[in-house]
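Encoded as structure tokens, the following chain is the form predicted on its own, with no partner shown.
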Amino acid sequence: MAISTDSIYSHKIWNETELSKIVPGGVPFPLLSDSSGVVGGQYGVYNAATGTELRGRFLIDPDGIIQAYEVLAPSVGRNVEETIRQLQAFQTVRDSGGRVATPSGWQPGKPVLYPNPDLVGNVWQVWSVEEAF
């Protein structure tokens, strides 16, 4: 979901006139209004003096635990592909029961790491061999 201090009407127009041209049919998730800034305040992105929020991205797992977050000034855009990659990485780790790790730049279908005492200090060797695949 996406939440901002904009009104539901502003979200509707933005989705219909802008987002639908970028994402066919518009974004496939709800756009919610936080006009009072309560939700933004709880996440530390609401500025009460201006009534606006910074651009925050929070990846929250099914247990309600924030696994990652990024907060940017409104003038800097985010990278949707990187967000999706991170979601896939978190899902891969979760699906493994925490038995695997996804190294920097990991992509779905690429090898994962299996943390263990022998891996400490040798990640570069393991990853460089696995990268050859």
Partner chain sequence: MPTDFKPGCVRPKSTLAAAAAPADTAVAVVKEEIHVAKVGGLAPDFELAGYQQGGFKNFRLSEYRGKWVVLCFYPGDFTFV
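Quick caveat: nothing in here was measured; it's all calculated off a predicted structure. Residue numbers count along the first chain shown, from 1. Between two forms, the rigid core is the largest collection of C-alphas that superpose within 1.5 Å.
A second form of this protein, the form predicted in complex with its partner chain, is not displayed here; the remarks below concern that form.
- Gly77 is the sole member of Gly105, Pro108, Gly98, Gly77 with a non-hydrogen atom lying within 4.5 angstroms of its partner chain in the predicted complex.
- Contact annotation: Asp61 falls within 4.5 Å of its partner chain in the predicted complex, judged by heavy atom distances.
- In the predicted complex, its partner chain stays beyond 4.5 Å of every heavy atom belonging to Gln125.
- Using a 4.5 angstroms threshold between heavy atoms, Lys12 counts as touching its partner chain in the predicted complex.
- With a 4.5 Å cutoff on heavy atoms, Arg94 counts as touching its partner chain in the predicted complex.
- Contacts to its partner chain in the predicted complex (heavy atom within 4.5 Å) from stretch 53-69: Glu53, Leu54, Arg55, Gly56, Arg57, Phe58, Leu59, Ile60, Asp61, Pro62, Asp63, Gly64, Ile65, Ile66, Gln67, Ala68, Tyr69.
- When two forms of a protein are overlaid on their rigid core, residues whose CA moves 2 Å or more are considered shifted, and Gly37 is not one of them between the shown form and the other one.
- Taking the rigid core as fixed, one finds a CA shift for Val93 smaller than 2 Å between the shown form and the other one.
- Relative to the superposed core, Leu113 undergoes a Cα shift smaller than 2 Å between the shown form and the other one.
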